[in-house]
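Take a look at this one chain, the form predicted on its own, written out in structure tokens.
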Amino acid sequence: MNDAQDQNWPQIRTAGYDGFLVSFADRLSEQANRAALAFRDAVEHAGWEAVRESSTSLVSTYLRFDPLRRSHAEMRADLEALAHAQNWFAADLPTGRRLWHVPTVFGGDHGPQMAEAASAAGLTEAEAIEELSRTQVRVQTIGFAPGMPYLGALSEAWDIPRLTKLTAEVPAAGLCVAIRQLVLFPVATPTGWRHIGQTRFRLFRPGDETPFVLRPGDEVLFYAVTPEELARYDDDPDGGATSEVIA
């Protein structure tokens, strides 16, 4: 049994008048993230007429329901029954997930804090780039900015803190690292995460039918290319990224 199960998870909490939050841990782990993704998928497939929307955070599933169709007590009872229907920490991840291969320039002007991040991880810059280029990471959740993924988990070496001072701006499609996670920014933004690389992958496309390209549960591999290779994708919304269905 993992720590989350030992602590009597999941926990179901009220979130406002018409919402519930089902949490599987109080800190991020692979099992808790897996449980949240699988549970949300089960909610979506349960066909509950009263459910209006659902989403996941790193370790929780949120749902909003219509109290005129299902009372608060009835909705909670439904969630309690589903929560105890199986071991969600060992559940299969949702189907329809994709693996994305994203060309990335690490270090230099495209990742000005790469050397600093590598040093904090106890690696040379070359070692850090090689490890990151072969590490497949999961989209654990989408948040902070439209379509922005939190991706992990990296090896324990990458359990490095955020910066104590903000970087004034990381450009759109910039790749940053901290606390065993990568984040890829959809828009230019200040951040306390170290900027280690640059892509041309446009994550937020408000004019498209599906404005967020990545979905929780998808996986991403950021592979190293040269600045000249990346420049070929300046006019490509996918930035040269390709994908395949993995489940």
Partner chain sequence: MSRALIVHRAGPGVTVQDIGRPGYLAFGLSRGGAADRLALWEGAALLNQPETCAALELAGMGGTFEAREDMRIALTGAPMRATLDGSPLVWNASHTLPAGSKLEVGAAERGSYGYLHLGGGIATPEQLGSRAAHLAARIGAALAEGTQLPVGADTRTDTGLTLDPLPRFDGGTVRLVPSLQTDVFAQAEITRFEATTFRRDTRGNRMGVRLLPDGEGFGTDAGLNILSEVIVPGDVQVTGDGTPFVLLSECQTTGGYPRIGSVLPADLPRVAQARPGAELCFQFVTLDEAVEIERREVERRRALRKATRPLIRDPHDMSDLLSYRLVDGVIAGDEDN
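The term rigid core refers to the most C-alpha atoms you can superpose between the two forms while keeping them within 1.5 Å. As the structure is a computational prediction, the values presented were derived from the model and not from experiment. Positions refer to the first chain, counted from 1.
The next section is about a form of this same protein that is not shown, the form predicted in complex with the partner chain.
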Per-stretch contact check against the partner chain in the model of the complex, the hit in 120 to 128, 135 to 143, 106 to 114, 89 to 97 (non-hydrogen atom, 4.5 angstroms): 135 to 143
Contact between Trp158 and the partner chain in the model of the complex at 4.5 Å, heavy atoms? no
If you check in the model of the complex, is Asp26 within 4.5 Å of the partner chain, heavy atoms only? yes
Just to confirm, Ser57 within 4.5 Å of the partner chain in the model of the complex by heavy atoms? yes
Could you tell me if Thr14 has a non-hydrogen atom within 4.5 Å of the partner chain in the model of the complex? yes
Those residues of 65 to 101 with a non-hydrogen atom no more than 4.5 Å from the partner chain in the model of the complex are Pro67, Leu68, His72
Just checking, between the shown form and the other one and with the core aligned, does Arg40 shift 2 Å or more at the CA? yes
Rigid-core frame, C-alpha of Arg180, shift of 2 angstroms or more between the shown form and the other one: no
